[in-house]
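What follows is a single chain, given as structure tokens, in the form predicted alone.
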């Protein structure tokens, strides 16, 4: 039996853009590893023994407190977490109401080009530059300790976040309904009301709910600088190492957030 001659099969080289992307990916990984090693070398990290001693002093007492929390502070924890919940609602509502009109001035497809949307985009970037904690400190100094400072901090920061995602949603809408309304003789107001708004509202609502989840977590931290909510009683008990009371507060926080996340996720899945 005569063997058939073997035909060489040359595998074609990947396209130039594929090879370029592969090189960039490898270079990016090498850069990240180098930065990680540089950070480990230059940062003043604690020794392993110090870390172990700190865990023995604080972590295990906290774990014991989670098993046997101080139930007497449950009422305080519930009231403080309820205040945190309402702070997150008001802060999210404030941010959403102000971000809604600003986002249309940051959407290039509605203004005739990206350059016309630059002022709106720059405003949103400037707002997002300030962390919520810094805003909370500023408002505490201006309005005094209490939930008002926390609501204002979450509201202002939510404008930057929601305005950015709202404008991205607007720039991704289908242009077909807009062109159909213009072809039928509709003006800009008709195009906005009957084409743009119906397309963006479901995603807007989904992002608002997601931002509410973020604000609920942030509100627990803002209280530590006097901006209301459960953060204040939490930091007070952390300072005095009252781990059984800290555990009760943490249990309420985690339970509250789990329930809110579950409800919010189901609502967002129905909207989008």
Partner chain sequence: MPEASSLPRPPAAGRIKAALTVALFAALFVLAFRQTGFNFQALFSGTADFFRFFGRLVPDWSALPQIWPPLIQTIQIAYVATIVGSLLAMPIVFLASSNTSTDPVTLWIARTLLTVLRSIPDLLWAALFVAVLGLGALPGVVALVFFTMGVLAKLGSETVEAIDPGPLEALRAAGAGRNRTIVFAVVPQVAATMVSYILYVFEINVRASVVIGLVGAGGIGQLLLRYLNFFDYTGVAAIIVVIFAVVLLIDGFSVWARSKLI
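Just so you know, these numbers come straight off a predicted model, no measurement behind them. Numbering follows the first chain given and starts at 1. Take the two forms, find the largest set of C-alpha atoms that superpose within 1.5 Å, and that set is the rigid core.
Separately, the form predicted together with the partner chain exists; it is not shown, and the next lines address it.
Q: Where, among 162-170, 101-109, 67-75, 85-93, do residues come within 4.5 Å of the partner chain in the predicted complex by heavy atom distance?
A: The contacting stretch here is 85-93.
Q: Using a 4.5 Å heavy atom cut-off, state whether residue 191 contacts the partner chain in the predicted complex.
A: Output for residue 191 is no: heavy atoms all beyond 4.5 Å of the partner chain.
Q: Indicate whether residue 121 is a 4.5 Å heavy atom neighbour of the partner chain in the predicted complex.
A: No.
Q: Does at least one non-hydrogen atom of residue 141 fall within 4.5 angstroms of the partner chain in the predicted complex?
A: Looking in the predicted complex, residue contacts with the partner chain include residue 141, since a heavy atom lies within 4.5 Å.
Q: Indicate whether the partner chain has at least one heavy atom within 4.5 Å of a heavy atom of residue 204 in the predicted complex.
A: The answer is no: residue 204 has no heavy atom within 4.5 Å of the partner chain.
Q: With the partner chain taken in the predicted complex, which residues across 143-157 come within 4.5 angstroms through any non-hydrogen atom?
A: Heavy-atom contacts within 4.5 Å come from 143, 147, 148, 151, 152.
Q: Core aligned, does the CA of residue 240 move at least 2 Å between the shown form and the other one?
A: The answer is no; the displacement is under 2 Å.
Q: Would the C-alpha of residue 254 be classed as shifted by 2 Å or more between the shown form and the other one after rigid-core alignment?
A: It does not reach a 2 Å shift.
Q: So, does residue 217 move by 2 Å or more at the CA between the shown form and the other one, with the core held fixed?
A: For residue 217, whose C-alpha is compared between the shown form and the other one after core superposition, the shift is less than 2 Å.
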